[in-house]
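What follows is a single chain, given as structure tokens, in the form predicted on its own.
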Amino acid sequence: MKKQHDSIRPIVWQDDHLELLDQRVLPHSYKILEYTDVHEVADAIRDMIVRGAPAIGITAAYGIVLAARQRYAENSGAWKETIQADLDYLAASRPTAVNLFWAIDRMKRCISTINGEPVSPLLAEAIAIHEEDIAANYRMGELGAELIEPGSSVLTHCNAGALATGGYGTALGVIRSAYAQGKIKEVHADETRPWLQGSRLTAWELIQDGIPVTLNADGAAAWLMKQGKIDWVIVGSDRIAANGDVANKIGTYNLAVAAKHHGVKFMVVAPTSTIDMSVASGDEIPIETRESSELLDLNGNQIAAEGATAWNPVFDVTPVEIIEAIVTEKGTINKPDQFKMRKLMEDKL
């Protein structure tokens, strides 16, 4: 059963195919794309038709269902061998989002148990991943909202909402839950350059669900804090290292430093599938760099001076010591560190 302010589902398995809401054309167009081929699904992840670490993992799981159907039809006796190239192609689509590899590994474990027709058990596993993500988001929404005092103003960066997950969202799940409880008086969203996920996606989905939002330029966030207009910064994550360092959309580190300086609390909201205990610290997290044209051009028109080059990292890493809380579906870690992270993950097992 859906909660309040919870109307958006960007990923849908429909009969025999996958449907994705094309996030590149929001908010001006609402376009659903259909997929029956795993390589097209991987390309959709790479091209940011779908984005956000949990959503990428869910989409990859459904992509593996499509791959299994095709490989089994081609050669039912060797499909487990031939599907490996499809799994590798999926894994190469977005290197920073650990949920991608988590979902692929989980589907691999399911593959290893299958004797006979693979589509039904793999589809059941993908649906379970999807439903578990939404349930986790509901739980994180409740836990994160417990930290917020009535009358608070919050700031979020990029999009960590329904569009970045199976539904409801991580950071926006907390905001949705706290708003439904009457705790939030104002939501600010960074525009989030260069893809403008805050302007195009976060603002769109909050408005769709009846939550007022005020947009600001990324560079205005510190000034908002200076004026005492922000109580919490609430963000998602694409990968969390074993020590609690957090990789998230570029600009998150700026916010965390500004928040620390101004005494503003900083919350990261992510499922435990985003925690990568094989990575000791944020220094080991691979940071994706995208095409320079995303900075030099706008809608296909060059906006930069001729001859200028661009550096376009998609993510940055926020060190654990300036994070107030990490909220997961398994519990909240206040003042996180490597020992608290390890205990959370051991308890999860």
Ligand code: MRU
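These numbers were taken from a predicted model, which means no experiment stands behind them. We number the residues from 1 along the sequence you see.
Keep in mind that the form predicted in complex with the named molecule is not shown, yet the notes after this line are about it.
Residues placing heavy atoms within 4.5 Å of the named molecule in the predicted bound form fall in a single listed stretch, namely 49-57, out of 300-308, 27-35, 49-57, 317-325.
A single residue from the set Ile175, Leu100, Ala164, Ile240 has any heavy atom within 4.5 angstroms of the named molecule in the predicted bound form; that residue is Ala164. Within this chain, Gly141 is remote from the site of the named molecule in the predicted bound form, having no heavy atom within 4.5 Å. When contacts are judged by a 4.5 Å heavy atom cut-off, Val246 does not count as touching the named molecule in the predicted bound form. The named molecule is not drawn, but in the predicted bound form it has a heavy atom within 4.5 Å of Arg94. Interface membership of Val233, defined by any non-hydrogen atom within 4.5 Å of the named molecule in the predicted bound form, is ruled out. Taking the named molecule as positioned in the predicted bound form, the residues of 156-177 that bring a heavy atom within 4.5 Å of it are, in sequence order, Cys158, Asn159, Ala160, Ala164, Thr165, Thr170.
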